[in-house]
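Single chain ahead, by itself, as structure tokens, in the form predicted alone.
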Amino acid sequence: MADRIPVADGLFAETKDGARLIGSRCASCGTPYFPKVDWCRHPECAASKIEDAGFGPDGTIWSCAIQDYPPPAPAKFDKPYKPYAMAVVDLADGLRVLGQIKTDDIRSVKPDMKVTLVVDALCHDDAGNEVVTWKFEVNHA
């Protein structure tokens, strides 16, 4: 039986409250990081105090584009390749992150749209397992 496996370990989680990106935040200056870091990289932070942090699920698209051609390795996708929307999303808790947009109409994706972080299929591996990653789903409400 095929399994559902993450594209990489330790980047995201599905919680009872929805999907979350797993990262860090500096307790001294508040700078968010994804993925996790060991020290604060903010040039004006004098006391790096890194703590684990979860980010999401609510955000707003800051910028977007259509990936019209297959990206180079190590990007993963099922064949035949299908174009998809990508966006830089400002999460409500201060993190700006890139992700695919889960939608049936990739040309309708625009800046300022409200989105929700989700975990969704990226592709399938050679064993038939569903490889999942984080994406953003447009809120139509």
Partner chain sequence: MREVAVIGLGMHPWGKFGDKSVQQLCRVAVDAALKDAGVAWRDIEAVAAASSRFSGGRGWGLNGNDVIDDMGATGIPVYNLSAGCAAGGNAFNVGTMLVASGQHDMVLVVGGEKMPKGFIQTSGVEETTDPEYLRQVCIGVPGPTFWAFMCRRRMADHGTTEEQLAKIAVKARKLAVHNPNARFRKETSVEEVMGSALVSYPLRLFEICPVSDGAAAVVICSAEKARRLTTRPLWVAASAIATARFDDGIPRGLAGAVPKDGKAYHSEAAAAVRKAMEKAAIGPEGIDLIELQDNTVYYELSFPEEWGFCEPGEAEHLLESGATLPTGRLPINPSGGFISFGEATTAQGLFQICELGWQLRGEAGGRQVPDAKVGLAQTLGLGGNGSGTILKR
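Residue numbers count along the first chain shown, from 1. In this text the structure is predicted, and so the values were computed from the model without any measurement.
FYI, the form predicted in complex with its partner chain isn't displayed, but the following is about it.
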{"query": "4.5 Å heavy atom contact, Ala47 and its partner chain in the model of the complex", "finding": "no"}
{"query": "Close approach of Leu117 to its partner chain in the model of the complex, 4.5 Å, heavy atom", "finding": "no"}
{"query": "Its partner chain contact in the model of the complex: Met86, any heavy atom under 4.5 Å", "finding": "yes"}
{"query": "4.5 Å heavy atom contact, Pro74 and its partner chain in the model of the complex", "finding": "yes"}
{"query": "Contact at Ala19, Ala53 and Asp58 by its partner chain in the model of the complex, all three, heavy atom at most 4.5 Å", "finding": "no"}
{"query": "In the model of the complex: members of 97 to 118 within 4.5 Å of its partner chain, any heavy atom", "finding": "Val97, Leu98, Gly99, Gln100, Arg107, Val109, Lys110, Pro111, Asp112"}
